[in-house]
Every structure is written in C-alpha cells, then in structure tokens.
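Presented below, as structure tokens, is a lone chain in the form predicted on its own.
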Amino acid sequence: MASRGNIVINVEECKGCGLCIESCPPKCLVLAKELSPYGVHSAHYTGRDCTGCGICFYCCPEPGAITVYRLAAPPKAVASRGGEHAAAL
C-alpha cells in the first residue's frame, strides 16, 4: 500500500520521549540511531507506510516537533459510458 502521508520531525524540538512511536498505528516512526545536537535520540520517519492519521502529532508534548502532511489521493478511474452495452438476453 502506498503512503498516504508524510511526516517531518523537527530535531531541534523533539526530546526523544517516544510517545509518537508508541502511538503510531502503522509503526512508521523509530528513534534515530544518531544523537541530536541536544544529546537525545529523536524520532525519525522511516519514509513509508504513513497513513496521514496525525496521531503522532496529537500525542506529542512538544509543539512544533512533528508536522504531518496528508497526501492527495490518486484520481479514481472514471468508467466510460459510451459505446459498449451489456449483451441482450
């Protein structure tokens, strides 16, 4: 399934508490392996599987640490209405 969202983590705001990681339904957030300039392992988006639900944003105690972008849904195919009809019985 294609991602329906994108997550941007502000490393300077994230304190590495892990609440977003625990609350993420598709589990697309992890703690970064490297330390931030503040000496914590900040949250990191894996780059896939985000549904754009925003739960990580709402549970984060740091305003401005997480931004969730919902991606536009792909256009649905429109069925053609002309030319072909069902076979008569």
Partner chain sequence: MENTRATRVIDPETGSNYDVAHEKSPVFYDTYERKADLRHQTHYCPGCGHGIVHKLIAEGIEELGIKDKTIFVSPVGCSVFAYYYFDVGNVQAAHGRASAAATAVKRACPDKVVLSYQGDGDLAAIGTAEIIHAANRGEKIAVFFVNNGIYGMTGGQMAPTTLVGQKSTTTPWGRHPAGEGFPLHMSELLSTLEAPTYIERVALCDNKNIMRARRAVRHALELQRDNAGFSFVEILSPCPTIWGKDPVEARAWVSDGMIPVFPLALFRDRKPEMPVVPEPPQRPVADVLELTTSRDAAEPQKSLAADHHSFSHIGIKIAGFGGQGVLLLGQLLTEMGMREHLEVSWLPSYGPEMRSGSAHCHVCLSKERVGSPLVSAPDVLVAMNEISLHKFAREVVPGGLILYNGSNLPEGFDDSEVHVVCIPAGEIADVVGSPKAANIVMLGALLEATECLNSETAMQVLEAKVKKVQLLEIDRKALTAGRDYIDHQVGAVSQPDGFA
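Positions refer to the first chain, counted from 1. It should be emphasised that the depicted structure is a prediction, and the values quoted were computed from it without experimental measurement.
Omitted from view is the form predicted together with the partner chain, to which the following refers.
Contact check for Cys59: a heavy atom falls within 4.5 Å of the partner chain in the predicted complex. Taking the partner from the other structure, the partner chain in the predicted complex has a heavy atom within 4.5 Å of a heavy atom of Gly54. With contact defined as any non-hydrogen atom lying within 4.5 angstroms of the partner chain in the predicted complex, the contacting residues in 38-74 are Tyr38, Cys53, Gly54, Ile55, Phe57, Tyr58, Cys59, Cys60, Pro61, Glu62, Pro63, Gly64, Ile66, Thr67, Val68, Tyr69, Arg70, Leu71, Ala72, given in sequence order.
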